[in-house]
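Before any questions on binding or motion, here is one chain by itself as C-alpha cells, the form predicted alone.
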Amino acid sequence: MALPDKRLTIDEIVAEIQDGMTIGVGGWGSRRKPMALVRALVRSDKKDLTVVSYGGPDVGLLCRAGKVRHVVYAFVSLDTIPLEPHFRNARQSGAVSATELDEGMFLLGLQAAAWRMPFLPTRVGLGSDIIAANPHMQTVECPYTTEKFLAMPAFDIDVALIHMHRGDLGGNGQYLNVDPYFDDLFCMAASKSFMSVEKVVPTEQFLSEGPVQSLRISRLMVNGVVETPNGAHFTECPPDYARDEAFQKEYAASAKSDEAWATFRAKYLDVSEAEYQSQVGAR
C-alpha cells in the first residue's frame, strides 16, 4: 500500500499556526530543535503564542521576536551556556508570563495529553513552592489509600513542531542519536503535529540508517513533514552535525542590547531559510 504524501513546505506548516495558539516544541535545550520552523515563525506575523518546551533557543528567539505571551517550561538553557539570555531578559522584564515546572511534572503533562487524560497523579511537587507558584494546580486523594497526590494537568497543545534525522514522505520519523527526547509525546499530545527532517528517505531505507527502536515517530502522529537539511542549526543534531558553538555565542551576544539584536536579526532572521543556510555555510 502506497504511503500518503505528507510533504509540505516550511511556510505551509507555519500557516497552520494561528495567533493565540499553544505550540509544543520538541528537542531538549540546545539539542535537535526544529530551528528552521522556529526561524519561519520569527519571520511571520504570528503573535500571542504559548510555548511549551524543554526550552532552548526556540524559546529565546520567539520571546525576543515578540511572538510569545506565555511559556510553559522545565528549563530554558543553551546547554553550554546555562541560561538562555533572550528568555532571561523577557522573563525578568515581565514581557512574558510563565508556568514553571519540575522536569518530571512537565513529562507528566505531556503524557497525560498523549493518553487523553485530564491529569496524572504524582508525588512530584508536593511540599515544594511549585504549587504556590501554580495556584491553579490541585491535589487528589487516592481512593484506595487516601494518600494525597498532585494532579498534574495535561498540556493543551494545538500544534507540535519537532525535528528528526530521517523521515519518509508519509511522516514516519527516525532519530539517530542516543536520545529520542520526548518528541513522540509532543506529537501525540497535540491536535496537529509537523516534523522537519534532515533527509526524506524511502521507508525501506530506515533500517539501514539505524535500529528498529530508532523509528520513534509514526506517520499516525504526524500531519506534515518537510525536508530541511541543517534544519536544527545551530543546535546539535549528531551524527549529522554538532552544535555550532561559535554561532551560539554570537546568538547569545545578541541579547546584550537592542542594537546587537537588530544586527543579528537583520543578518540571520529577516532572510529566507535558504539565505540563512548560505550564510552559516559560508561561515
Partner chain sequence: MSPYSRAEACCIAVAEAFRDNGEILANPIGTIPMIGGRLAKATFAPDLVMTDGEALLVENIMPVGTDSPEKVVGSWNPYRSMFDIVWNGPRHVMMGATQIDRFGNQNIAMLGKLDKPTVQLLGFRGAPGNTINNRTSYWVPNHSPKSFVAKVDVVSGVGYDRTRDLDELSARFHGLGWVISNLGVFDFETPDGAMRLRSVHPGVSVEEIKSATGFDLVIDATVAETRAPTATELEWIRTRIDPNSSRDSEVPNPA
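The structure displayed is predicted, hence computed values, not measured ones. Numbering follows the first chain given and starts at 1.
Same protein, other form: the form predicted together with its partner chain, not shown, and the subject of what follows.
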property: Output flag, 107, 145 and 185 jointly within 4.5 Å of its partner chain in the predicted complex, heavy atom basis; result: yes
property: The unique member of 152, 195, 157, 76 whose heavy atoms fall within 4.5 Å of its partner chain in the predicted complex; result: 76
property: Contact residue in the predicted complex, from 128, 191, 203, 80 (heavy atom within 4.5 Å of its partner chain); result: 128
property: Distance check, residue 137 to its partner chain in the predicted complex, heavy atom within 4.5 Å; result: no
property: is_contact(residue 181, its partner chain) in the predicted complex, heavy atom dist at most 4.5 Å; result: yes
property: Interface membership of residue 103, its partner chain in the predicted complex, 4.5 Å heavy atom rule; result: yes
property: Heavy atom of residue 54 within 4.5 Å of its partner chain in the predicted complex; result: yes
property: Those residues of 234-272 which, in the predicted complex, come within 4.5 Å of its partner chain by heavy atom; result: 236
